[in-house]
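Just the one chain here, the form predicted alone, laid out as structure tokens.
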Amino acid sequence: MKTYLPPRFVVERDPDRCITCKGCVAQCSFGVHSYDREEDAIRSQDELCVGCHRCAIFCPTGAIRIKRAPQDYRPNANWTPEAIEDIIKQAETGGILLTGMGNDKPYRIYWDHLVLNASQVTNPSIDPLREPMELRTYLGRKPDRVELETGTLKLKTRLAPQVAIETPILFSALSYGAVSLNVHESLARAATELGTLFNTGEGGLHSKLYKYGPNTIAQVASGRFGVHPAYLQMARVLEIKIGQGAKPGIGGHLPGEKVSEDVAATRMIPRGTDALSPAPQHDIYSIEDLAQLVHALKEATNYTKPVSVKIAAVHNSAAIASGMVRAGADIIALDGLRGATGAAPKVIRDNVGIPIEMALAAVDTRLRQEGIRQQASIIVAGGIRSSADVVKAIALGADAVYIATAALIALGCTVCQQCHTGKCAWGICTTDPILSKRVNPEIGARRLANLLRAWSLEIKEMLGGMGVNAIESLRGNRLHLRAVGLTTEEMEVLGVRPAGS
């Protein structure tokens, strides 16, 4: 069937600069470029280009430019080019449209409508270059009150397991299989260097990376891939995954083409078979079921590790979070509308769930109203783009944030949204043995560590500007936030006042 889809990108090659080195042919995993022996020239097929820019960046002479090629359809506010082309794709395939990464629709980004306070005369600012600034964060259940032994002042209260992280930024769940082993190793190394944690995602952990256990969050998802006693014992934190922001209510699916021998061994499934995580967690149909699973994991690890429960941000997240805390969760992970994934039905990714800012504010408010906020830490995810987003999230009630897309961008990702194809030209979302080598774990770890170090420095600058010397003092302090351009109802949910008040 001839496709009616026009090319989305145009490859422009400067013939005066091109030296026919065939570098672009080798770099492109989507087969856009080819060498014509008869004419000794490189040809390009625009219709195959996904806009990842790998060829342009690695062209030694800068001869290649990738440009968008939007079709000039007749203007129509209802029938946008995307709507038209999605229908064409489904008319030609008869299937669900899959996509990678997160929601790219122009929904309101509330971080951009919140501004931070700054100290002036009455409350002096702090210079982070001269004064100590504390970013260390402790994750885990806190007691309602502590008691000390009379005389010795030793702590009588038995504390639940606490995990200290040196920056309030963690690497979010990225499963081995969805991303390459070299990406996992880069994340593990960077987390260890910076004193934070990385998350295995639902695919288990390759045996080569067990040595990074003290900086690992081991996820237990509905598919139970790679879950065994050694996996649970290795990790610093255990996380039960119920939902994720990119596809609330939808299970996971790793195509069999990406299930290599190593991935199969790690996930404990046959090579080449589709890895399907059921949409429902079959262990959990009620809060009582969740409590049983939380305590089963704690029992299996001798009550030495905090247990996190991850859900997608939905309209009743606050009530669910209350139940999760009462079920024994030590950490609540909330993943918002902008959360990314390796593969999701496009219609789900773009239309289901709510912004993380709204869910975070609602959950923090509900737990405070019920007097149980201290019983669980809150980690939020889903579209965290900068250190400013981190600071605003903490002021809104989070203890820490997860980042994933930002981490992948640090490794080279250009958000071309082709993760589901397994052909990632940057060697990130692929298990192809040749493409995977494009991420050097040592260099990858250095880039990730640089990103977190830079954001941490910026966070200290912002804290100092607010006259705050510890991230703990900012947590849930919404008086440091003001809203710009939001409705009264939006400000009410967020619990912030308008700028100028």
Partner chain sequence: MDGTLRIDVKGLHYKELNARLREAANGYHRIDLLNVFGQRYIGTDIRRPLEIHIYGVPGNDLGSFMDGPSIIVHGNAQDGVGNTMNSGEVIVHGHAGDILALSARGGRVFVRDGVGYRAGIHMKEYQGKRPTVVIGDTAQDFLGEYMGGGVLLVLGLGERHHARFVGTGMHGGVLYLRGEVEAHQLGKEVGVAQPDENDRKVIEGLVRDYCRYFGKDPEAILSGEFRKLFPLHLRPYGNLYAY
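Positions refer to the first chain, counted from 1. Quick caveat: nothing in here was measured; it's all calculated off a predicted structure.
The same protein also exists as the form predicted together with its partner chain; that form is not shown, yet it is the one meant from here on.
Visitor: Since the chain is shown here on its own, which stretch among 181-189, 276-284, 132-140, 356-364 would lie within 4.5 Å of its partner chain in the predicted complex, judged by heavy atoms?
Guide: It is 276-284 that comes within 4.5 Å of the partner.
Visitor: Going by a heavy atom distance of 4.5 Å, is residue 373 a contact of its partner chain in the predicted complex?
Guide: Residue-level check for residue 373: no, no contact with its partner chain.
Visitor: Might residue 303 be said to contact its partner chain in the predicted complex, defining contact as any heavy atom within 4.5 Å?
Guide: Residue 303: yes, in contact with its partner chain in the predicted complex.
Visitor: Applying a 4.5 Å heavy atom distance criterion, does residue 161 contact its partner chain in the predicted complex?
Guide: Output for residue 161 is no: heavy atoms all beyond 4.5 Å of its partner chain.
Visitor: Taking its partner chain as it sits in the predicted complex, is residue 226 near enough to touch it, meaning that at least one heavy atom pair lies within 4.5 angstroms?
Guide: Close contact exists here: in the predicted complex, residue 226 approaches its partner chain to within 4.5 Å, heavy atoms only.
Visitor: Can you confirm whether 128, 323 and 388, the three residues that make up this candidate site, all sit within 4.5 Å of its partner chain in the predicted complex, judged by heavy atoms?
Guide: Not a single residue of the candidate spot has a heavy atom within 4.5 Å of its partner chain in the predicted complex.
Visitor: Please pick, from 292, 207, 119, 414, the one residue with any non-hydrogen atom lying within 4.5 angstroms of its partner chain in the predicted complex.
Guide: Among 292, 207, 119, 414, a heavy atom within 4.5 Å of its partner chain in the predicted complex occurs only for 292.
Visitor: Answer with one of 348, 109, 97, 314: the residue that has a non-hydrogen atom within 4.5 Å of its partner chain in the predicted complex.
Guide: For this set of options, the contacting one is 97.
Visitor: Suppose contact means any heavy atom within 4.5 Å; which members of 411-443 contact its partner chain in the predicted complex?
Guide: Result: 420 alone.
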